[in-house]
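In the form predicted alone, a lone chain appears below as structure tokens.
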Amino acid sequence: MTTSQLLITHIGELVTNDPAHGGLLGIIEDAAVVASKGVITWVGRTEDLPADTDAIQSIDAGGAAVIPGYVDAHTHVVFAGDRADEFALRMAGASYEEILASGGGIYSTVEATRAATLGDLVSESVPRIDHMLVSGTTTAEVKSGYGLDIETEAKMLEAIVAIDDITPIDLIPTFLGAHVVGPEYRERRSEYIDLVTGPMLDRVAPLAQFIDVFCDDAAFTLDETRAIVAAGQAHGLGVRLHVDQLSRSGGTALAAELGVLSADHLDHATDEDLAALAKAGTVAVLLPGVSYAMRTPPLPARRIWDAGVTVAIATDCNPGSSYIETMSLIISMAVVTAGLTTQEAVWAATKGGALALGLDDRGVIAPGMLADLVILDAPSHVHLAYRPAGALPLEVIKRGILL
């Protein structure tokens, strides 16, 4: 008899994302999963479970659906303060650009984050990250970008690393010093580019896995983005880009040209841009929560998926434009407002997110993959879009451990 760490049986609908089981989601009915040492070792129908299977912990799912843990591939969840007053202004008609030009928006969060200690950042951010975890997110990318100076950018990344050490969720740190131009440099752009690509990057590169740039008319130009990307690559960082969110600046085409891992937002990408992105193999990370909170037109997710681009969806959890921690709500928005099917949205929130982060060990329930699983309070993945506030996890399992 082989004793495993975890056994789950009588799963009504198991979403494997494994094409070996047919269809986009590779669904198995009345399924079972076995895991040992944090890794999945067996997947199949409960009736086909090897007779000698034993486990330290056994769970009868009772017909509930099971999906891979969410991989949230775009967040700004570590920050200080909030921007509820700004939200009220936007709802009263102020534009994002107007608020940013007046020193609000990202700049108000920069002020609060600069004033916070490392301990403050950790203590303020842990409850948000814990909420993500209990909502089913088992991996999340987290960006800096609310410092815009050497000390605070390093402090943010140190906070991300510190939280990763004390919570079960896997946090992937990204350096976003090129979020917007630092407030002291608004009339000295070239000096800020020199800071980001020089001393700032030298200081923070050992703390990050990726570099990101907000390439848009309100942030950084194509040439500036090229320079920052090149500097990040020279420091061994992977590249992800914010592109074409507020206008069509050419960022999507640049992302395709540079062959970066992901291009995020894409609200204003053209069909030609998308064709180039599909050819390059760059993952499109779509953020429907932003369209909702900013009262902008829904994302063209249907057009992006149909263009053959690999799609991920993410929360973009941040204090200004998408203060959303739960991926189930994002799945519902992607279906109801952006045009994805329920199967596409669930795939994009799990396997798509893993691809956007270059992670090949999660997002799929198959032997050899991490045992990151979510047991839903629902019989089918469809309920995630159908009742986004109700189909919450019954249980979250991270690396084979029931949390």
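Small disclaimer: the values here were computed from a predicted structure and weren't measured. Don't overthink the numbering: it's just position in the shown sequence, from 1.
One more form of this protein exists, namely the form predicted together with N-(iminomethyl)-L-glutamic acid; it is left out here, but the text below deals with it.
- Within 4.5 Å of some heavy atom of N-(iminomethyl)-L-glutamic acid in the predicted complex lies at least one heavy atom of G320.
- Not displayed here, N-(iminomethyl)-L-glutamic acid is approached by Y96 to within 4.5 Å at the level of heavy atoms in the predicted complex.
- At the 4.5 Å threshold, heavy atoms of Y292 stay clear of N-(iminomethyl)-L-glutamic acid in the predicted complex, well away from it.
- In the predicted complex, N-(iminomethyl)-L-glutamic acid lies within 4.5 Å of some heavy atom of R83.
- The candidate spot formed by Y70, E141 and K351 lies out of contact with N-(iminomethyl)-L-glutamic acid in the predicted complex, as no residue has a heavy atom within 4.5 Å of it.
- Comment: N-(iminomethyl)-L-glutamic acid is not present in this chain, but in the predicted complex one of T174, Q245, T225, T252 has a heavy atom within 4.5 Å of it, namely Q245.
- Partner contacts here mean any heavy atom within 4.5 Å of N-(iminomethyl)-L-glutamic acid in the predicted complex, and among 164 to 172, 151 to 159, 311 to 319, 127 to 135 they occur only in 311 to 319.
- Heavy atoms closer than or equal to 4.5 Å to N-(iminomethyl)-L-glutamic acid in the predicted complex belong, across 203 to 236, to one residue only: F214.
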